[in-house]
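Consider the single chain below, provided in structure tokens and representing the form predicted alone.
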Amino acid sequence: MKLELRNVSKFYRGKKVALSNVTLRLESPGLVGLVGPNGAGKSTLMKLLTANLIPSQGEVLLNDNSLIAQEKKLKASLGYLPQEFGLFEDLTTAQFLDYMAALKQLKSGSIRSEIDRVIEATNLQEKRHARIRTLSGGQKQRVGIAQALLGDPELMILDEPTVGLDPAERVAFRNLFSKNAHDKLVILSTHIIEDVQSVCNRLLVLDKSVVLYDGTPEGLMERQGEASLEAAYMRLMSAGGKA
């Protein structure tokens, strides 16, 4: 799978610039970390890649053709976890996943096994029949990750997936995302720099609607002369993208 942004800009009402002239090429397999402060344009970028927004300027391509013209194909191969996602509180975990599987148009004969697979992958076995309103914040986050895994999608776009998880859970899910990226394209937006350093082979840093850095985590550490990615990231941000 290949996604491209060519000279993409996105403006909101009042001419607020969310993204400015961004050109990127994202290909599978790979795990891409997307970091930046609030308001940098990360969520806008992900909404453009999922066809939930249309560019104000430029174009977004899927396998060299217009993404918007292939929206149905995109949705069939996409696992998406937005930062704010709605859960039907009166459904059980299994019922909600069954509903999401139907929305994704998974084959009826495979839905039960898919639900079993993603429940096990997200360690929700004991909460399978629990109503979502009874789950903790971290458990609800795991339900969100589980629905993104349904159907073994070629493309996964995850916005702050480890928020609310304890350190051991974050490690487990980082490993899960890394495993999926062996033959897929996984885009992981996070404020937790440790998540990026440990599993991502590519790092995108956004700030004030532009891409400040596009390369490997190790490359940023070398460029900024720092031993940790968090220190290199902070130095980059304080310098406004300059080495």
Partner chain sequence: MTEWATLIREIRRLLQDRYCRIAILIAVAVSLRFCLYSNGRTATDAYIIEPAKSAAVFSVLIFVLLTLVQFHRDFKNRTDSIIFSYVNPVHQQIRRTIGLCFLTLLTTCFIVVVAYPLAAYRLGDYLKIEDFFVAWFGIFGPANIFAVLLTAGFYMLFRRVEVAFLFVAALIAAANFLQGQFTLNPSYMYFWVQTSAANFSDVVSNTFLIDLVWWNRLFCGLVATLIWLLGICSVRRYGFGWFGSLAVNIKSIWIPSGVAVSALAAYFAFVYEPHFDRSLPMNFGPVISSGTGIATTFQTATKPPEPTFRLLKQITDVRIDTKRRRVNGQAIYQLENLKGIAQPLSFDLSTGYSIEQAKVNGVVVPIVCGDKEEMGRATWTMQVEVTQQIEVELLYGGRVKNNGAISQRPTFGISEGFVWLSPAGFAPIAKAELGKESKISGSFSLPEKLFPLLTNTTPEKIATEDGVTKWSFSLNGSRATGVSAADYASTKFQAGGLDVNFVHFSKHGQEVESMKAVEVMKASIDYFTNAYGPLPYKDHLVMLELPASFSGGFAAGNTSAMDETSFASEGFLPQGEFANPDGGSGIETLVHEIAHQWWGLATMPVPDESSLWTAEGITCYSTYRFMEEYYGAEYAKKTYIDVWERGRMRYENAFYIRNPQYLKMLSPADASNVLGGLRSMAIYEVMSLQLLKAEAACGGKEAFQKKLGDLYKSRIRQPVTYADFLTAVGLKAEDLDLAK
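Please read all numbers here as calculations on a predicted model, not as lab measurements. Numbering follows the first chain given and starts at 1.
Not on display, but discussed next: the form predicted in complex with its partner chain.
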Segment assignment from 208-216, 45-53, 27-35, 184-192: heavy atom within 4.5 Å of its partner chain in the predicted complex: 45-53
Answer key, its partner chain contact in the predicted complex at 4.5 Å (heavy atoms) among L135, L165, L78, I119: the residue is L78
Examine I68 and determine whether its closest non-hydrogen atom to its partner chain in the predicted complex is within 4.5 angstroms. yes
Is A130 close enough to its partner chain in the predicted complex to count, meaning some heavy atom within 4.5 Å? no
4.5 angstroms heavy atom contact with its partner chain in the predicted complex for Q147: yes
Are any of the heavy atoms in L87 no more than 4.5 Å from a heavy atom of its partner chain in the predicted complex? yes
Within 22-46, which residues come within 4.5 Å of its partner chain in the predicted complex, counting heavy atoms only? none
